[in-house]
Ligand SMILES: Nc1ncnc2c1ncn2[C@@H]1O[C@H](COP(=O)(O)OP(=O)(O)OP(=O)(O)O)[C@@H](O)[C@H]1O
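A lone chain, given as structure tokens: the form predicted alone.
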């Protein structure tokens, strides 16, 4: 028997993994918690993932990476400790932590692959989807399917059990926003339209609140000409995130932080109150942009809001009361928070895994491509501009204003295979450069280039023609074939992350992951080191000793709230005693 398929929501802020148990998805605890912070720290020559890594962002920001999901698909390297790592590799460290936890808890057969369904934002580009798949493969996971996050949420909501219904799935997470209009009919779940923004989420709200708190703090204390260090930013982000969460249930939240800033020999403490009204004023414009995208998705689906059976809210940031309020005011439709909004996407991925394994779940899922796909072409506008230029203007570096030849349109159901013929731009053309783009812009440069292929014809014709075929698989990943229609010469191309750049696995394959005990004791080890420091005064040592004892006691209980409170106190004192200079 193969190992069961696990469902993974690789999130910007938190990641979740689940498995099917008694025909229902069950969230798997990682480090005794349902949510694993998507944070990686490289310290003491070992990788730490999760809450401890998130804490280390305050003490060692240069060794810590947060929100790596926003960098996926980019051809870049990031410095973490003494290593240079690509986004796929850093994400793979998070997935390795998840994989190791699952194998240990469920006694998976190590001789068989660990299979998974992994989710991505519906509006992820080709490169970002490929990068996510690569990250999973690097971490020794076998990807059975990639599905869109709102679609997964629809499966978790149980849309396949509805006879006939249309819902909008509004997914506002830590780093991305998606809206999908989804129809269910007798077990057939079909995505009608999708819109989104891969650069909008709770992280952006945290940053706005962080700036607000910082400016108010400086004004309260009449401090001028002071700039935040990386450590102070990491601390502010933690404060902002915790305040944001509390403001979803409280109208006013007190913010207090000891030893917040040392300036000109003076230690300043942070003490203020933030109201929900103030926070909503900061984020209102961004929430407004999500309702605009919802309206666009409805237009694309050829529906009016009144025709919806409901709007389902998914993702941690959807808990913000302003979200439901603004949706109700604009569309006159009540928006309901899905059960377990942080876990629903992973649960839906698990259900998709059960469908793949032919378990007793009577569902057929039809997803769509969120972006149009095509090739650059020479059109009338190109030639008009070219003929209007002098020979001097058309130099060797001149790039013509190319048009777009759409092959697969936005919102096309996947998998999909479509072809289109194109004529040569000059007689006896020997080389055809096929520049592939993704997007809805009218001109090629208004879109995103995702790769280039070259077709060479040994014996070109005076009036050559090529046929380009795009094949989009069920994961939303693209393969192309180009053929000269007369000579039948062909070229195949499969597009990889970052325009074909493949990552090296060495950093992850040789990565030494800190054990659970080692991760739990990172703060304690740092504290004990300070106790041996003769420069630390006795009063501070006494407070540190008391906090160490209290922290160890909380670790032995299941009271996560009390543990987090004590952890924050210990972090604040360590930050102060180690010095807050960047």
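Numbering follows the first chain given and starts at 1. Fair warning: this is a prediction, and the values are worked out from it, not measured in the lab.
This protein has a second form, the form predicted together with this ligand, left out of what is shown; the following refers to that one.
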Identify, from the list 183, 483, 203, 232, the residue with a heavy atom within 4.5 Å of this ligand in the predicted bound form.
-> 203
Note: exactly one of 190, 257, 241, 127 sits with a heavy atom within 4.5 Å of this ligand in the predicted bound form, namely 241
Please check if residue 87 has a heavy atom lying within 4.5 Å of any heavy atom of this ligand in the predicted bound form.
-> no
Heavy atoms within 4.5 Å of this ligand in the predicted bound form: does residue 149 have any?
-> yes
Indicate whether residue 176 is a 4.5 Å heavy atom neighbour of this ligand in the predicted bound form.
-> yes
Do residue 464 and this ligand come within 4.5 Å of each other in the predicted bound form, heavy atoms counted?
-> no
Candidate stretches 313 to 321, 214 to 222, 434 to 442, 474 to 482 - the one whose heavy atoms come within 4.5 Å of this ligand in the predicted bound form | 313 to 321
Interface residues of 243 to 279 toward this ligand, as seen in the predicted bound form [heavy atoms, 4.5 Å] = 244, 245, 248
